[in-house]
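Okay, so here's just one chain, in structure tokens, the form predicted on its own.
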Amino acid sequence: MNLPIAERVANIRQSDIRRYSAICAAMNGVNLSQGVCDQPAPDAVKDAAKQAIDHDQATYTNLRGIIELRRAIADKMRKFNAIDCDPETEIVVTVGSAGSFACAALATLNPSDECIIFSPYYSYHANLLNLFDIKVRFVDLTPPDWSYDVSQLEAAFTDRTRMILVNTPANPSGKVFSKAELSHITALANQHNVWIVTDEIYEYITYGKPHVSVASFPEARDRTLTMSGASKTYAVTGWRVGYTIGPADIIDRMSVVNDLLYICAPAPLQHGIAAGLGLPPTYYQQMCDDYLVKRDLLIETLRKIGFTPFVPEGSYYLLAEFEEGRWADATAATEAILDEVGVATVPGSAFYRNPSDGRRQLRFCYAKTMADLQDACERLSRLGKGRGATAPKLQQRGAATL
């Protein structure tokens, strides 16, 4: 039988992140691959969601999200992001920040339009644009500080550019874009009349460098869509509650797209997130302090076994480089480490426009309980500094879960 399929999915495949996560689960290993953030959610968040379920708040919500959540988001945006927004017209609640980006792309871009993305990049961003037939133009970030070349960014703009995407703090690099960098990006966006879309899902997780929202700049306010969500902040990655803030006209269109694609984010979980946004500043500081301890533990471990970690300024990921010749490439390293000590990582090559740029890099996620992270670090320590194994047996130890 030769049934038709869409060209847009002809070459689509499961991401390396999910693939190695599945194998790791089958091996009962420790997953430092996927940012599942498997830690307890705050009681206030869980209790409010339970109460909403008990009160049968289970029907469709407003296509923009429940007003209680939108008002809480507006208050948070004013206090934390220095952005004033109207909860009635300038906020839409979506199915995760991934849903925010899908709605933003569909509301602003036509097939064959271009979007600028910084590399290394979060693969879902680029893959979603490819699915929508949007051309991606990449600008390189260079370790260890993940700076970009000004002339390369300027040259990336063409007469087909309609959007520039900024992920800050960034996955996978942990880069936090500076105010100066965001001002430069804003000037170029104004010059070329393009949208600035920011993914700020890790906004509360920074280490000594402030998070800056580009929409707080008056000169960027009317062309910026600010995306964030609850997944990382409250350890509820499976709840799928995100949101976008932007000019009323485009938020109105995004709301309709959101309705067509998803109807609404889960109603009772929206109430849970509204409660979370009322948590005191001490919650966010403690979360950040905890991640700093975990970051430093992982960095120390990686250095002891011969890696060179690129120290992240934010998020809960880091990229680390191994020496030439230790493994054939990043994929071989990922599979050897998983097979030998049962720790899942992601090949760095999966995050670069030129896979060779990440040929000797692995991405590690430290959004784990301390006990699990310590277990992972003990396992990694068994690798030592020597040459790695070259013949992992992953096909026999978990391929059936894919």
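Don't overthink the numbering: it's just position in the shown sequence, from 1. Computed from a predicted model, the values in this text were never measured in an experiment.
Note that the form predicted together with a small molecule isn't included here; everything after this is about it.
- Contact annotation: N171 falls within 4.5 Å of the small molecule in the predicted bound form, judged by heavy atom distances.
- Residue contact with the small molecule in the predicted bound form: C24 places no heavy atom within 4.5 Å of it.
- The small molecule in the predicted bound form comes within 4.5 Å of a heavy atom belonging to Q34.
- K232 belongs to the set of residues with a heavy atom inside 4.5 Å of the small molecule in the predicted bound form.
- Stretch-level contact check against the small molecule in the predicted bound form with heavy atoms at 4.5 Å: of 83 to 91, 136 to 144, 118 to 126, 214 to 222, the positive one is 118 to 126.
- The contact with the small molecule in the predicted bound form, taken as any heavy atom within 4.5 Å, belongs to Y202 out of Y202, F307, F101, F177.
- Proximity of R70, Y243 and A265 to the small molecule in the predicted bound form is absent: no residue of the three has a non-hydrogen atom within 4.5 angstroms.
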